[in-house]
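Next up: just one chain, as structure tokens, the form predicted alone.
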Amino acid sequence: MIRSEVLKEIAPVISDQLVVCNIGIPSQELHMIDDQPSNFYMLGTMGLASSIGFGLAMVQNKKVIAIDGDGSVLTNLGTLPTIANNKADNFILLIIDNGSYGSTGDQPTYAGMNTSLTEVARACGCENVVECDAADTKKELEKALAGSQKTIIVCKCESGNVKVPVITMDPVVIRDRFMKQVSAS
């Protein structure tokens, strides 16, 4: 499975959740698959989906899912110790690890080589870290949503992109409609 297939599988599970989605093609894929006002699409800040999602989880009670990529997490490794050392049991970080920088041409990441983001998260002190094959991501995400513990899921999938249109929605509109969903929580 490639990332877009994982997103299709989990779309029904996350459709009524607050979701912060990784920059570039992942946001475009999620937008194409199941655009929701509760989805915050990152359009220009690589490496910050997990940070923004975690900050949101810290200040309100509804579950927050940050969908990030291995390349983005590698550009902001400081987020993992921050997640490990602060309380937010309503936070789920889904790292879709395809071993490549998918939005910039599928160049390999270190996660596709010798670096295990599962082991890095654990070494940072994250306690509930689950690594799974792409086909098991929906099941692991459902378990995390049903639970009451901060969770990091590292989904191992194949590299590859599908053709997707760019998100033409104004970033201010994306922000405002997402903020309305957060306020409704």
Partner chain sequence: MSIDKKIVADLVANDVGFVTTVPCKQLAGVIDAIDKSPDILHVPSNKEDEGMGLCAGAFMGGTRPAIIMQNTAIGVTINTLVTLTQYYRMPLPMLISYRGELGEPVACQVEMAVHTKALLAQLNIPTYHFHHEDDAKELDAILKHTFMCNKPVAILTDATFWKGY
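Positions refer to the first chain, counted from 1. Nothing here was measured: the structure is a model prediction, and the numbers come from that model.
One more form of this protein, predicted together with its partner chain, exists but is not displayed; see below.
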Among the candidates 56, 134, 126, 130, the residue which, in the predicted bound form, approaches its partner chain to within 4.5 Å (heavy atoms): 56
Interface membership of residue 51, its partner chain in the predicted bound form, 4.5 Å heavy atom rule: yes
Exercise: residue 155 in contact with its partner chain in the predicted bound form, heavy atom 4.5 Å: no
Residue 149 within 4.5 Å of its partner chain in the predicted bound form, heavy atoms: no
Partner contact for residue 76 in the predicted bound form: its partner chain, 4.5 angstroms, heavy atom: yes
Which of 66-74, 137-145, 113-121, 38-46 lines the interface with its partner chain in the predicted bound form (heavy atom within 4.5 Å): 38-46
